[in-house]
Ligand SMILES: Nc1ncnc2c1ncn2[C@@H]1O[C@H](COP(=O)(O)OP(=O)(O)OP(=O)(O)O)[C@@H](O)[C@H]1O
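Only one chain comes next, encoded as structure tokens, the form predicted alone.
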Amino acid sequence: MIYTLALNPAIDRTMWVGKMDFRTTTRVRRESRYPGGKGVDVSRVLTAMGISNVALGFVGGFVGEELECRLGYEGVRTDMIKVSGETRTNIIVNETSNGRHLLLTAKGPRVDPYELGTLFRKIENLSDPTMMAVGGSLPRGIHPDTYRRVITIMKRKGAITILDADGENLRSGIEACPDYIKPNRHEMSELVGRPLSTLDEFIQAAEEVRSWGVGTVLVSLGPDGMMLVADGQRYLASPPKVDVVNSVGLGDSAVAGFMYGLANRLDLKDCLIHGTAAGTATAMKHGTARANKDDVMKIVPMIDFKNLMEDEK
């Protein structure tokens, strides 16, 4: 079974306005609410692409109940741990006049030690896990070492591990040598402690991170696509130009598309192509992590793929 883990999931309250005006009242033209959080987003896209999975994480209060109900409505299977605090609500404001968006992320509930202990017992008791995506922010009370511990348990169980986090959460998780990590441009630069701009610089940084024990490094490069660096493999998949109406959840969708490839035993080239296509599909959809299988498959043949090892010869 494939699992995702979101320790600090959220409801993304998304609003569309013509233009933000700080001098007077800004009228909301449309509003929607979506389940959010990295693991949750990955589960939603995997489910929409026909890949069975279970979303794990913490939920609490009325917002937590809403989150589980909305996931169930989309067909996403969950096995959440109830906590005493209230699941967070994020605010996303999209300006239709210029395509900009404002994302306000809440801290989330404080998780008590016994609630964290319940999580580890649940993970230890997972039967036959084949893959787990771990990532996102941590709620208050949870130490970044949690990601290292989770990945260590899953690797001991023989599961493929994918880490998508930033800052100390990413550095701590890497200590467990995950099979895959997927930072973006900024997160990769922060991880190696220097600014990165050119493709060669990102490749060198990825090889450096691989020397720390990471199996494969994926770097999302925004409109330039996604790069993959593995043992003897360096690829770049670039999306076609599309009308972007959303920039929230693109990286999570890319992880889901990549996992779709792994679940179907595709080679890394095709996993990368499907990941890039999934991220692009979500960019064309209003709301958070909205790509579905038809959307993704339409874009797959439009992805420009380059074997960077051949370009180096």
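The first residue of the shown sequence is 1; numbering continues from there. This is a predicted model, so every value here is computed, not measured.
Heads up, the form predicted in complex with this ligand isn't pictured, but that's what we're talking about next.
Location of this ligand contact in the predicted complex, chosen stretch of 258-266, 66-74, 240-248, 53-61 [non-hydrogen atom, 4.5 Å]: Heavy atoms within 4.5 Å of this ligand in the predicted complex occur in 240-248.
Touches this ligand in the predicted complex: Asn184 (any heavy atom, 4.5 Å): Looking in the predicted complex, residue contacts with this ligand include Asn184, since a heavy atom lies within 4.5 Å.
This ligand contact at Val45 in the predicted complex, heavy atom, 4.5 Å: Output for Val45 is no: heavy atoms all beyond 4.5 Å of this ligand.
Heavy atom of Ala205 within 4.5 Å of this ligand in the predicted complex: Heavy-atom contact with this ligand at 4.5 Å: absent for Ala205.
Partner contact for Gly279 in the predicted complex: this ligand, 4.5 angstroms, heavy atom: Contact check for Gly279: yes, within 4.5 Å of this ligand in the predicted complex.
Contact assignment for this ligand in the predicted complex, among Ser220, Asn94, Asn169, Thr161, heavy atom within 4.5 Å: Filtering the options by heavy-atom distance leaves Ser220.
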